[in-house]
Ligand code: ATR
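The chain below stands alone and is given in structure tokens; this is the form predicted on its own.
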Amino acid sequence: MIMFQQPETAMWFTAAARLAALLGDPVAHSLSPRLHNHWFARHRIDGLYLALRVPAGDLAATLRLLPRLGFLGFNITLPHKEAAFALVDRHDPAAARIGAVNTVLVHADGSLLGCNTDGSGFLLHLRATCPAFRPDAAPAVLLGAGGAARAIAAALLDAGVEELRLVNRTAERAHALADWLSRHFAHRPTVVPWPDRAEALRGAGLLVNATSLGMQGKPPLDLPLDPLPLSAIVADIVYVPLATDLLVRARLRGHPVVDGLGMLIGQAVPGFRHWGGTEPAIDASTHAFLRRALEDRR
């Protein structure tokens, strides 16, 4: 038996371990191995989750080879989410509608099911943090038009948001996202030009930052919050730093805030349910474990 240690968590695995992995390029920054191996240890499951750097040209071969070596599934991160969509055998409804995959489940016959759990993971954490959230109560403002924004937009509209305002630095991408959403949902989102982003906040009940602005090493998010009603929820999918400038400013104004760590946890649940064979525990100790992992990197 091979054993190794992480802070406050002993993990073990044998030659019969349940195997899963994160596939991306780069992957060294990811907290996913910490999270999944924490769950393996906590539930006393003989399992191991690895982060594998896979260049784009090797993704197809990797997705076919690893199941033969006993891997039960994978998480997919940048830059492979759209490429993986084209390489799996089947898609769940969310992935089929979004056109991107962040979780691949290997079934007993070797077939690959591509799933997208980003949007459901975001909603899971939003509702856990703010139980009073009502999707149909007020407009939602979404900053960004990338893959995460697409998944979150679809999840919000599925949940019952009637007015979605899209704001992105590149107007063409925002209009493209609005066009795509209008083909799948009854309500067409409104595109707000980036220079008018503060005005988009008026009357909103939810603000979500799904851009990289405010992330460590990225430019700050320049967004005055004065027009935003104090009852509005402010969420940021960035988790490095965990307390982004947006969330700090929102908290000081009295807004309920939702950090990005919970989305990371929420989107991981369906995958672990498959390769771990059980429902993973999500509680204060799970969040605390990952916060310590972030602190270890400072």
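Keep in mind it's a predicted model, so treat the numbers as computed, not measured. Quick note: we count residues from 1 along the sequence shown, nothing fancier.
Not on display, but discussed next: the form predicted together with this ligand.
Chemist: Please run the contact check for G146 against this ligand in the model of the complex: heavy atoms, 4.5 angstroms, yes or no?
Modeler: Heavy-atom contact with this ligand at 4.5 Å: present for G146.
Chemist: Can you tell me whether A100 touches this ligand? I mean in the model of the complex, with a 4.5 angstroms heavy atom cut-off.
Modeler: Result no; A100 lies far from this ligand in the model of the complex.
Chemist: Are any of the heavy atoms in H175 no more than 4.5 Å from a heavy atom of this ligand in the model of the complex?
Modeler: So H175 does not count as contacting this ligand.
Chemist: Does at least one non-hydrogen atom of H107 fall within 4.5 angstroms of this ligand in the model of the complex?
Modeler: Contact with this ligand, no.
Chemist: Suppose contact means a heavy atom within 4.5 Å; in the model of the complex, does that hold for all of W194, A210 and L213 with this ligand?
Modeler: Every residue of the spot touches this ligand in the model of the complex.
Chemist: If you check R202, R90, H184, K218 against this ligand in the model of the complex, which one has a heavy atom within 4.5 Å?
Modeler: When this ligand is considered in the model of the complex, the option within 4.5 Å is K218.
Chemist: Please determine, with the chain shown alone, which of 91 to 99, 164 to 172, 185 to 193, 128 to 136 has non-hydrogen atoms within 4.5 Å of this ligand in the model of the complex.
Modeler: Flagged stretch: 164 to 172.
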